[in-house]
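A single chain, nothing else alongside it, follows as structure tokens in the form predicted alone.
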Amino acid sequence: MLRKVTVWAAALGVLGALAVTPVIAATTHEEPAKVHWSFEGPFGTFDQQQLQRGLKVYREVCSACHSMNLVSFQALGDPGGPFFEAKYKKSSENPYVKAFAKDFQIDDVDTDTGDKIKRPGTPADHFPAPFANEYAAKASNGGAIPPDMSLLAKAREGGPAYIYSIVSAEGYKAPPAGLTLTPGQHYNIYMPGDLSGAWTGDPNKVPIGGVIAMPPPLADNKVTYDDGTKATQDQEAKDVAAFLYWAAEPKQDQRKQIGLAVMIYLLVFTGLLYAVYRKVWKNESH
């Protein structure tokens, strides 16, 4: 009898807890679009021309708001990078890297006077932040701080496909009737979020997606590609997503090459061990 009372008490306790626990709305969004990337799979490598195009999109569009503090200019000339050329033993000697870095003004200190100065960038410098501090970033972006893009493609679920989907033509949509957005907010079906608080329509038909402070950043012919590729919004989105994945994983090509060499070595070593085993024990009974 006591056991039955205990079971019923436990059941009632669980029901009571459920009754007072607030309902947490599920975060829903459209799954990132399926995109083929040259760097996919164990043998995939970065497309250097695509990285150069993506770098241009970042430089001319994204860098106005988004920093990339963890990426140095000389990394652009490393193996697998946008400006890599095997004839330059050091990335810092690559003329494309040096010319690109020189286009940036870097904060520094005059060693003679101690005054703050600006100087042309060098390969050893990192991409400078567009804002002096987070307060300046907030003031220029309606209270939102644009995320640093150094590791964005690895930090977001879906990686480069997520970035591509967010900035592609399919991401931004007109808010459906019943969805109230504040000034500076934009509706994006790929953005994770809970729109129930801004939804005045049928509670069972809350739209998927979320709100984002960034207005649509890309459009057809937003940049002019040096290789003659047509700069459609879709192409720009793919290129910048690929570049940001490289920025987050710049040693991927070398890592894959080392992994392949290790696998070949292990296979050969296994074969040699088996051959030695057969030779040593061929006259022994088992």
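Residues carry their position along the shown sequence, with the first being 1. This is a predicted model, so every value here is computed, not measured.
Although it is not shown, the form predicted together with ligand HEC is what the next lines describe.
Participant: Would you confirm whether the three residues Cys62, Ala144 and Pro147 all fall within 4.5 Å of ligand HEC in the predicted complex, going by non-hydrogen atoms?
Facilitator: Yes: Cys62, Ala144 and Pro147 each sit within 4.5 Å of ligand HEC in the predicted complex.
Participant: Ligand HEC isn't shown here, but in the predicted complex, which of 224-232, 44-52, 28-36, 64-72 has heavy atoms within 4.5 Å of it?
Facilitator: Selected range: 64-72.
Participant: Going by heavy atom distances of 4.5 angstroms or less, which of Leu76, Ile166, Leu195, Ala101 would be at the interface with ligand HEC in the predicted complex?
Facilitator: Only one option qualifies, and that one is Ile166.
Participant: Any of the heavy atoms of Pro215 lying within 4.5 Å of ligand HEC in the predicted complex?
Facilitator: Close contact exists here: in the predicted complex, Pro215 approaches ligand HEC to within 4.5 Å, heavy atoms only.
Participant: Is His126 one of the residues lying within 4.5 Å of ligand HEC in the predicted complex, judged by heavy atom distances?
Facilitator: His126: no contact with ligand HEC in the predicted complex.
Participant: Does Met191 reach ligand HEC in the predicted complex, with heavy atoms at most 4.5 Å apart?
Facilitator: Heavy-atom contact with ligand HEC at 4.5 Å: present for Met191.
Participant: Is there a non-hydrogen atom of Leu179 within 4.5 angstroms of a non-hydrogen atom of ligand HEC in the predicted complex?
Facilitator: The answer is no: Leu179 has no heavy atom within 4.5 Å of ligand HEC.
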